[in-house]
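Form predicted on its own, single chain, as C-alpha cells, below.
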C-alpha cells in the first residue's frame, strides 16, 4: 500500500485520543462507569479469593450489608450530620474571610505584597501541626474541629482567588474606566462578575480539601462524627465499618461536588 493510501486511511479512522477533543456525554459516562467497575472488580478479586486476609480487606458484600445496617440506625445519621456541620462551618468560614482577601491581593499590588508572602509561607505548614495550638486557643469543643478545617482551606483559597483575580482581562477594566466607572465600581461590575465561574471551580476544589481534613479534625477529643466512627472501628479491627465510613465520606464529597458543578452550569452557562 502506498504512503498516500496509508495517509487517507488514517484520516478516515477516528482518533478517540485527540488532545482536548470532546467525546460526548454517553462515552464519558460509560468510561467513568467502567473505571468504577474495574476498581470494584479488583477489590472483589482480592477479597473473595482471600488473597488478602479478610480481617484487613472485607468483601464488597460484607461492606454493603454493614452499610445498610449502620444507615438504618439513628446514631450513624447523627455522625453524618455532625460531620457535615463541621465541614460546612469550616468551609464557609474560609470563604467569608478568604475570598475578599484573595480579591484584595489579586487586585492591588500593595494587597499582593501585604497578603501573599505570609500566606505562601504558612500554606506549607501542615494543618495537623496546628492541633496543639488550636486546643490551647479553642479548647476541645466544636470550634477546635471547625478551626482545623478552616486552616486547611483558608490559605490555599486566598491564594487561588488572588491568582484567578489577576487573570481577568485588563482590557475589560480599561473599557469600564473609559465608560466612566471608578475604581470600586469597576471591581463591583467587571472584576467580580468576571471571576465568578472560575471561583466556583476553585470552591469545588477547596471543599474537597475540607472533607479530607474532616477525619483529622475528628481525631481530637471527640465522641461523634464519621472520623470518630472510623477510628472506633479501627480499635476493634472492624474493617467493614472502616470501609463504610470511607465510602460515606466519599459519597458526601461527591454529592457536594456535583451540587457545585450543577450550580456552575446553571449560573454561568457562558463559561
Partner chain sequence: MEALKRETIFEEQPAEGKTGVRAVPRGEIAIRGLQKVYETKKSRFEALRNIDLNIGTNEFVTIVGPSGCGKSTLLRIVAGLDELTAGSVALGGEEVIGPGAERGMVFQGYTLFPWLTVRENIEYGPKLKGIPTLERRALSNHFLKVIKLEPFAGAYPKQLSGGMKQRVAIARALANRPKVLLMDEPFGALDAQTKLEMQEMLLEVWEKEKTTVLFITHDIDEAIFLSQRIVVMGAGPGRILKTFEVPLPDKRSPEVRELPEFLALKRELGQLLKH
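None of these values were measured; they are calculated from a predicted model. Numbering follows the first chain given and starts at 1.
A second form of this protein, the form predicted in complex with the partner chain, is not displayed here; the remarks below concern that form.
Just one listed stretch, out of 175-183, 86-94, 101-109, 159-167, contacts the partner chain in the predicted bound form at the 4.5 Å heavy atom level, and that stretch is 175-183. Only one of 193, 139, 132, 118 comes within 4.5 Å of the partner chain in the predicted bound form through a heavy atom, and that residue is 193. By the criterion of a heavy atom within 4.5 Å, residue 78 is excluded from the residues contacting the partner chain in the predicted bound form. Although the partner is absent from this view, residue 73 stays clear of the partner chain in the predicted bound form, with no non-hydrogen atom inside 4.5 angstroms. Contacts to the partner chain in the predicted bound form (heavy atom within 4.5 Å) from stretch 238-259: none.
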